[in-house]
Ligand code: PEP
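The data below hold one chain only, encoded as C-alpha cells and taken in the form predicted on its own.
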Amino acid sequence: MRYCIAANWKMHLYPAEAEALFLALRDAWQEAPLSNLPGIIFPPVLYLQRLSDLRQGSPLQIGAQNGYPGEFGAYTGEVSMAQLAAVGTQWVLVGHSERRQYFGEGEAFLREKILSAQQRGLSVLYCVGETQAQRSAGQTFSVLTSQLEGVLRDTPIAWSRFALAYEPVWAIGTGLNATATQAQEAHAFLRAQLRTYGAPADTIPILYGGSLKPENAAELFAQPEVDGGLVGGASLKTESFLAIAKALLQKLPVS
C-alpha cells in the first residue's frame, strides 16, 4: 500500500452529516478506478462504530483520530486502543500537531501509543512536521529527525502497519501549503530516515497534509516521494475529497 488517501474530519460534523458523507464516499469507492486506491476515513470517535458497520464490503477503511495506550483504566474521557480495535477500527492517528500543541503530547507518550496500537492489530499513521519558526530557523530536518527518533529508536515496529504523514504545522488550517519542492525535500528526507531504522522505506506511505485541496493536489502528488495525502478541511465535502483522490490515481500503476 505505497499510495493512499486519508480524510481527517477532526471535530466536525453532526451524526447525520457524517453518515451521509461516508455513504457518498463509500459509493464512489465501490467503482473503479477509485476501488483500487486505499482510502482511510478518520471520523470523530462517536461515529466509529456506525461507520465501521456501514463500511462492510467497502475498500474504505476506518481510523480513529486518537487513542490511549492499553485496554482499561481510570482515565476519564479517554478511549483505549483495545476499545478502538473492538469496534472495528483499523487505523489510528498518532502525533498530529494539534495533539502535540493543545494536549502536550510528546514523543515518549506517542511511542507508547504506537506500541499499544500495533499490539492490538491497529495500523498507525504517525504525523510529523515543523512550525513556521522552526522552518525559518533552518531547523526543519532536525525537528523531523527528533520526531522520528523519539518514537522509532529501539521500538519493535510492525512496518506493514505503519505510515507517515508530513504535515508542516504552518500549513495546517492556514490556507498555506508547502510548495511541491518543499514537500518533495521533506518526504525524501523522511524516507531516508526510515531506512536508518531498518524499515522497508520504499513500501511505506508518506502522505502530505496541510491545506491540501483540489487546486494543489496534482502538483504535490506529482512529486516522486509524495505518496498521497492526509486531507483536513477539504475532506468534509464529497466533491473536494473525491477530486483530491482522483488526482492521486495518476500515480497508481497501470494494471
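Here the structure is a predicted model, which is why all the values come from computation and not from measurement. All residue numbers are counted from 1 along the displayed sequence.
Separately, the form predicted in complex with the named molecule exists; it is not shown, and the next lines address it.
K.L.:
Give a yes or no on whether each residue among 92, 113 and 163 has a heavy atom within 4.5 Å of the named molecule in the predicted bound form.
P.N.:
The answer is no: none of the three residues contacts the partner (heavy atom, 4.5 Å cut-off).
K.L.:
Pick from 69, 43, 39, 210: which residue has any heavy atom within 4.5 angstroms of the named molecule in the predicted bound form?
P.N.:
For this set of options, the contacting one is 210.
K.L.:
Of these, 121, 73, 106, 173, which has a heavy atom no more than 4.5 Å from the named molecule in the predicted bound form?
P.N.:
After the contact test, the surviving option is 173.
K.L.:
Go through 22 to 30, 47 to 55, 224 to 232, 199 to 207 and give me the stretch that gets within 4.5 Å of the named molecule in the predicted bound form, heavy atoms only.
P.N.:
Of the options given, it is 224 to 232.
K.L.:
Answer yes if any heavy atom of residue 246 is within 4.5 Å of a heavy atom of the named molecule in the predicted bound form; otherwise answer no.
P.N.:
Answer no; every heavy atom of residue 246 is more than 4.5 Å from the named molecule in the predicted bound form.
K.L.:
Going by heavy atoms, what in 1 to 21 lies within 4.5 angstroms of the named molecule in the predicted bound form?
P.N.:
The stretch touches the partner through 8, 10.
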